[in-house]
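Okay, here we've got a single chain as structure tokens, the form predicted alone, with questions on binding and movement later.
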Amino acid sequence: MKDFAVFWGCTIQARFPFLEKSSRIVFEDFELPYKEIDGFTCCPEKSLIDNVDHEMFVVTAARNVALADEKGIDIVSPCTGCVSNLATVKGELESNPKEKETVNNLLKEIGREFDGSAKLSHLVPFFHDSVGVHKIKQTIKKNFEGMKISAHYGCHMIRPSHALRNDDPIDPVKYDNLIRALGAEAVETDTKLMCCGQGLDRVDQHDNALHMARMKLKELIAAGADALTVCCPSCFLQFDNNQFLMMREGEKLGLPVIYFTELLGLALGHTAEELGLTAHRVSAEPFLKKWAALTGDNQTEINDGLNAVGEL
């Protein structure tokens, strides 16, 4: 496998370092050749930067890709938004030689050049395509047979489809395939491709953001899902943090939200505490207790530190 740089983005390392930890754990378990590149900045975030200054958005993203281009390695990110933004700019520059020349004239001032040779991958398609479903099945130690888990693809894992080309944008299957590879039932819902709504919080539409999260969570609870798995820090913020806020106001929710790398890490034999589930706002205790009962593994039982998570 070709070496790749991990593009962590801003949100994971600043707000959810446990998601970085779980990602590093599964990279190392699979002995994946990941590298760190000094100099990565914000991708940049599209809804804030691109709406203010498109040229700044393009040049910033091109500079990030150029760092990987220069080292001859690819980029893999556990943040869907980062991959989407970088891929958007890469696709724009590859289809517009004049704009690419303009951008490279600017980058030349800091000794950089964008050539677009670095392949960009999000974590879920990367594990599905590059690591492989068969390899995952062979490597995990404890599967989730008997558990019902729903994948939230989000807006950016599969869009823009012309730039990413990593799954069917209308009927994506790769995240569901990974859930099945871990032994669980992949729960299908009407809201499968619905936006999580977290972006509404950025424009002072908090009530509408909660409404969108509520729609998804209630449908999953009615469908008997044991957990929702996500692979986007914004989606995690929406479904974990905002769900917790709704629960504090008395809403009967409590659906565990588990990041893909945490889910995979559990199947690889790591504890909930080691992976960082203790830092979630909504307790994963119901999920872990049911799993422990199905596997007959007392080591899977939630510990005292995790019991306190999500108390209202």
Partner chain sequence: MIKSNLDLKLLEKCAGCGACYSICPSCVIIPGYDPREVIKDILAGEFDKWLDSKHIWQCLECHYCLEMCYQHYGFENAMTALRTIATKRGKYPPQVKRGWDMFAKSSRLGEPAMPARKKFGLPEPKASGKDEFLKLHELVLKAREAEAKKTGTDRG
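These numbers come from a predicted model, not from an experiment. Residue numbers count along the first chain shown, from 1.
Keep in mind the form predicted together with its partner chain is missing from the figure; the text below concerns it.
- In summary, the region of this chain contacting its partner chain in the model of the complex, judged by heavy atoms within 4.5 Å and restricted to 240 to 248, 281 to 289, 263 to 271, 46 to 54, corresponds to 46 to 54.
- For the chain shown alone, residue 294 is not a contact residue for its partner chain in the model of the complex, no non-hydrogen atom being within 4.5 angstroms.
- Its partner chain in the model of the complex comes within 4.5 Å of no heavy atom belonging to residue 220.
- Of the heavy atoms in residue 187, none are within 4.5 Å of its partner chain in the model of the complex.
- Under a 4.5 angstroms non-hydrogen atom cutoff, its partner chain in the model of the complex has residue 84 among its neighbouring residues.
- Each of 106, 112 and 193 places at least one heavy atom within 4.5 Å of its partner chain in the model of the complex.
- Contact residues in stretch 206 to 236 (any heavy atom within 4.5 Å of its partner chain, taken in the model of the complex) are 208, 211, 212, 215.
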